[in-house]
Structure formats: C-alpha cells, structure tokens
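One chain comes next, on its own, written as structure tokens: the form predicted alone.
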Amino acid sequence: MNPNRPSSNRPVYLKLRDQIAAAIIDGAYPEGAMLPSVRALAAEQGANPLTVAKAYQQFQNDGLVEVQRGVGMYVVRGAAERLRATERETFLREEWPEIRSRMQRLGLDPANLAVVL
C-alpha cells in the first residue's frame, strides 16, 4: 500500500491494490462505501480490467470488501483499521530496518529529525 515503496518489480495489480488500500485508509472509501466498478477504475488508471479485478479479488480474499452481486463491491466495517495495522507491520518489518541503516550511515539522529522537518 505504500506508494513510496520501491515498486519497479511489483506487479501492476499489487500497485493498484496499494493505491486502493491507501484510499481506504485515508477515508476516500470509508466503511460501507462502494468501490468504483472494475471497468471504471480500469479506465481511470489506464489498466486492463482483468488487472483491476485481480486487485479487487485480493481485497475480497482478505475480507476487506464484500460483493453484492449485480450492485457492486463495498468496504466492510473495520477495513481501514485492519489495513493500517497490516501496513504498519509491513513497514516496521520490511522498510524501517533499511531506513534506520541509511540514517546511521548518513549520521542522522532520529531525535533531530523533527527539527529538520
């Protein structure tokens, strides 16, 4: 979900999944909101509809959305918090160690970063 994560090797459906997850976490698609149709999102993103369907399937498999046949796909209750927790764990496990190492190499003290920013 992290749009800043190096993504050159990530499949397009995972990049789309990350964008949608960020939108859910940010509240663009709150609990109970209907996601754009596969065709609408594919057109908006310039993606193949099958790629969008694969990204949506991932959310369905994870229990973050529910499908109402013939109507659409809706964000389930608690989806944003579950996504936030998963993204937090992924960041701390995969991204933070690399960032921390780079900060040490550059002589950056985390305590002083608030002043710089």
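For clarity, every value in this text was computed on a predicted model and none was experimentally measured. Counting begins at 1, following the sequence as shown.
Form predicted in complex with the DNA: not shown, discussed below.
Participant: Among the candidate residues Leu92, Ala85, Val71, Ala28, which is the single one with a non-hydrogen atom no more than 4.5 Å from the DNA in the predicted complex?
Facilitator: Exactly one residue meets the criterion: Val71.
Participant: Evaluate Arg77 for contact with the DNA in the predicted complex, applying a 4.5 angstroms cut-off between non-hydrogen atoms, and reply yes or no.
Facilitator: No, Arg77 stays farther than 4.5 Å from the DNA in the predicted complex.
Participant: When the contact criterion is heavy atoms within 4.5 Å, does Pro97 count as touching the DNA in the predicted complex?
Facilitator: No, no contact at 4.5 Å.
Participant: Does at least one non-hydrogen atom of Ala43 fall within 4.5 angstroms of the DNA in the predicted complex?
Facilitator: Output for Ala43 is no: heavy atoms all beyond 4.5 Å of the DNA.
Participant: Does Val38 reach the DNA in the predicted complex if we count a contact as any heavy atom within 4.5 Å?
Facilitator: Yes - in the predicted complex, heavy atoms of Val38 and the DNA come within 4.5 Å of each other.
Participant: For the DNA, considered in the predicted complex: do all three of Arg102, Gln104 and Pro110 come within 4.5 Å of it, counting heavy atoms only?
Facilitator: Result no, not one residue of the spot touches the DNA.
Participant: Pull the contact list for 45 to 68: residues with a heavy atom within 4.5 Å of the DNA in the predicted complex, in sequence order.
Facilitator: Read in sequence order, the residues that approach the DNA (within 4.5 Å, in the predicted complex) are Gly46, Ala47, Asn48, Leu50, Thr51, Lys54, Gln60, Val67.
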